[in-house]
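This document starts with one chain, in the form predicted on its own, laid out as structure tokens.
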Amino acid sequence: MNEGVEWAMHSCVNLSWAAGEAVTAKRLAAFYNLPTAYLNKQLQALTRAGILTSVSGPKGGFQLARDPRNISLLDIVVAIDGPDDAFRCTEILKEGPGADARADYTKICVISQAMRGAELTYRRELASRSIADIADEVVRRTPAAPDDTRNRFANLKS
């Protein structure tokens, strides 16, 4: 999984606490000492996916395009890493001893089936968790997180 997925998820949680204000890519990157240009690519991918909006002008930056309850972790993974499954069966069994050239090994290979099951479980779990769920859990563990985040953004240079 691309490290940009982690960066994008943290940025979305932080933006959920930004009280509707746009936050620049530079400030979002400075929050965790990330390279601005690379984080900006992730933010642009989130914008193309309809997760963020990009606001122009002196008070511009990024903000959530939807209610954080309607942004799943899977939405972010797909926006950053694309929709393809993590495991791709290349049907190497077709080259092995006793192979059946007509067989669809993606459906009958035990390894392929196990990996597909794991992929479905992983995707269901990510789809069931929203940015709001994550933000709420962070607040339960660290009640000052939203205020601390807003204060840090206010003190970071544009």
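Not measured: the values here are computed from a predicted model. We number the residues from 1 along the sequence you see.
Here the subject shifts to the form predicted in complex with a further copy of the same chain, a form of this protein not shown in this document.
For a residue to qualify, one of its non-hydrogen atoms must sit within 4.5 Å of a further copy of the same chain in the model of the complex; all three of Val77, Glu91 and Gln113 qualify. Using a 4.5 Å cutoff between non-hydrogen atoms, Met9 counts as a contact of a further copy of the same chain in the model of the complex. In the model of the complex, none of the heavy atoms of Ala154 sits within 4.5 Å of a heavy atom of a further copy of the same chain. Residue contact with a further copy of the same chain in the model of the complex: Val138 places a heavy atom within 4.5 Å of it.
Taking non-hydrogen atoms only, Ile108 approaches a further copy of the same chain to within 4.5 angstroms in the model of the complex.
Contacts of stretch 15 to 38 with a further copy of the same chain in the model of the complex, defined by any heavy atom lying within 4.5 Å, are made by Phe31, Tyr32, Asn33, Leu34, listed in sequence order.
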